[in-house]
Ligand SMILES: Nc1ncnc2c1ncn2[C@@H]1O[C@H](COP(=O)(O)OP(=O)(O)OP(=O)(O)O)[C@@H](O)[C@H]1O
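Only one chain is shown below, in structure tokens, and it's the form predicted alone.
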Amino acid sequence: MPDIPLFTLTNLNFNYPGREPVIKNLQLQFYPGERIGLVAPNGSGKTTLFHLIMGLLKPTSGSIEFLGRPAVSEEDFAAVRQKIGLLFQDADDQLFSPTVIEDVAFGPLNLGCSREEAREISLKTLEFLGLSDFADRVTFKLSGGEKKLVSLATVLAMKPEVLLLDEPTAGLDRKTKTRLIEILNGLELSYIIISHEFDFLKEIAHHIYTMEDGKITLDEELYIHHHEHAHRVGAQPHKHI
């Protein structure tokens, strides 16, 4: 494993105005090749953490470094966003163009590609995700699951080195989730994925952690296991305590 982390968060703190801190003295070093799943209750700070890493929010205190260099100014984070792709929890926060191909091409165009290059990259990305027939579809008419996949296409089209995926399986059916697992396992990228779906995370993450009291509990990895058992009256509703 390389000596220099992709990014380092040191004593990171953040609170929304008038509210208790949601991120508290958080420490994290994330290295190339790592694939982390993050599971925690709503309101624990997972999404806020992603937004801090991307510079969409500014920490109350603490520091963020990328490849050993401090990231403080908007210019610093603009460079970061060319290397880290963020999938928002709500696809409607990510999609804003009239058609799918326009949304997917937006990132490559901003990176300096010509219109022809951006369209070619976009079409190849959609094909890779099994969305070849989506190019000319109207974005706002897509289903929730379709919007999620198109949002992923907009991220991958920018050819990032790292992915931060916030609830990528939300709204996906079983078949599409299986395809997403194949896609993620086939990528040569590092990533952190927020999800409440253990079965999904155990297929694509090397380690699964949680957040507690505003910190990532890296010292306690979650281990996923299954129960197999039978009931004489298994058809009757019941709970396991």
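Note that this is a predicted model, so its numbers are computed, not measured. Numbering starts at 1 and runs along the sequence shown.
The protein also exists as the form predicted in complex with the named molecule; that form is not presented, and the subsequent description refers to it.
- The shortest heavy atom separation between R35 and the named molecule in the predicted bound form exceeds 4.5 Å.
- The named molecule in the predicted bound form comes within 4.5 Å of no heavy atom belonging to G214.
- The named molecule is not shown here, but in the predicted bound form it comes within 4.5 Å of a heavy atom of T47.
- Residue contact check for E167: one or more of its heavy atoms lie within 4.5 Å of the named molecule in the predicted bound form.
- Although the partner is absent from the chain shown here, V22, G43 and Q89 each have a heavy atom within 4.5 Å of the named molecule in the predicted bound form.
- Listed stretches are 64-72, 201-209, 35-43, 173-181; the contact stretch with the named molecule in the predicted bound form is 35-43, by a heavy atom cutoff of 4.5 Å.
- Within 4.5 angstroms of the named molecule in the predicted bound form, the stretch 189-205 places a non-hydrogen atom from H196 alone.
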